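Take a look at this single chain, the form predicted on its own, given in structure tokens.
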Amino acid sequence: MTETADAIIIGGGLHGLSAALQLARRGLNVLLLERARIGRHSSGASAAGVRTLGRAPAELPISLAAMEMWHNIADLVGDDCGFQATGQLRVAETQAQLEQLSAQVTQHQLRGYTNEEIVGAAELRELAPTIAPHCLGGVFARRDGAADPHRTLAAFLRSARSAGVQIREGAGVTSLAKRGDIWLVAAGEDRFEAPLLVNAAGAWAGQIAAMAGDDIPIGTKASMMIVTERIAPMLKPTVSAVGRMLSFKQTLQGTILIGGGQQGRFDLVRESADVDARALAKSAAAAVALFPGVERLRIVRTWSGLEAATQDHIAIAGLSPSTSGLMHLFGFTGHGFQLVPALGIVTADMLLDGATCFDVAGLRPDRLMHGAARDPLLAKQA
């Protein structure tokens, strides 16, 4: 028996849920297919950074739009998702780095953006009182912050279900075909049909795109995280550093969360990602270099999560250039969490209206497809 819907979402991460929610709220009968369980991979392993700081020019317009939504996220999903606007801070350890950041912020502001500002040594120590004495200043995005990834997943899942989205876990898509205007989707022995299809399959999205006839080369990331024991409050902003692979923040529970992009080992066939302790030690060393007081903290847990990575480190969000009724939504390369609320609306707009008022021109999938010319404006900021 074939199950029919108005739209089928492939992938039960946050972006799949957000797209499903917006399509359902516009009156569609939506079915979401997830190969494992909701939030099993990248969304469940996220550090949940809500960041406009340092965004590539191609992503910045939609990131700023998403930030406005995060400041009112309860209006969207009935929960504040643990969002705290405590800011994001990128630290300079040398005078040359500080001059580099100052030049970047000046150019950023000349383009009309006001979300970033330079802070000197005195304000740096107000923001991060225990930071190492050699740090000289940095760039700060005051309205940025962080959220709780599991609370966010629960809120989007609850809202999607309330809007009528039907969810099938353990339904890994094995083939796609099109008959007229209808997508035919197979997940093992199960069959589904719908005129609209969203590819939000994360690390496996390149395979789904290929099934639909779109060759979009992507890589895989297995970024690792550390969480420590709880300590007294010491820091509010999320901190990164020029020249180091580091993301450092203290959660509301008092634990220290350390990431930054060090990569673990992965196996897409087995759907597994494992921690590489030697590589993860570099993240710990970077944290201690900036915050020497955490050197003796005990590590409580480490983990790694799978997601897709694009060649230019910029997300893919756009209609298929070759097949109607198909939206690609993947390739977030470690920084897709913040974009979730806005790209759900973009997906509904593009599938139902053929266009959106949001500026996502730089996220179109055809920039990466065979024969596409590389647009230098899409290059990620240094």
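All residue numbers refer to positions in the sequence shown, first residue = 1. Note that the structure is predicted; figures quoted are calculated from it, not measured.
Form predicted together with a small molecule: not shown, discussed below.
Put simply, of 172, 219, 82, 243 only one has a heavy atom within 4.5 Å of the small molecule in the predicted bound form, and it is 172. Proximity to the small molecule in the predicted bound form, defined as a heavy atom within 4.5 Å, holds among 128, 135, 225, 139 only for 225.
Using a 4.5 angstroms threshold between heavy atoms, residue 209 stays clear of the small molecule in the predicted bound form. When the small molecule is considered in the predicted bound form, residue 49 lines it closely, a heavy atom lying within 4.5 Å. The closest non-hydrogen atom of residue 237 lies beyond 4.5 Å of the small molecule in the predicted bound form. Not displayed here, the small molecule is approached by residue 10 to within 4.5 Å at the level of heavy atoms in the predicted bound form. The stretch that touches the small molecule in the predicted bound form, counting heavy atoms within 4.5 Å, is 305-313, out of 114-122, 287-295, 305-313, 94-102.
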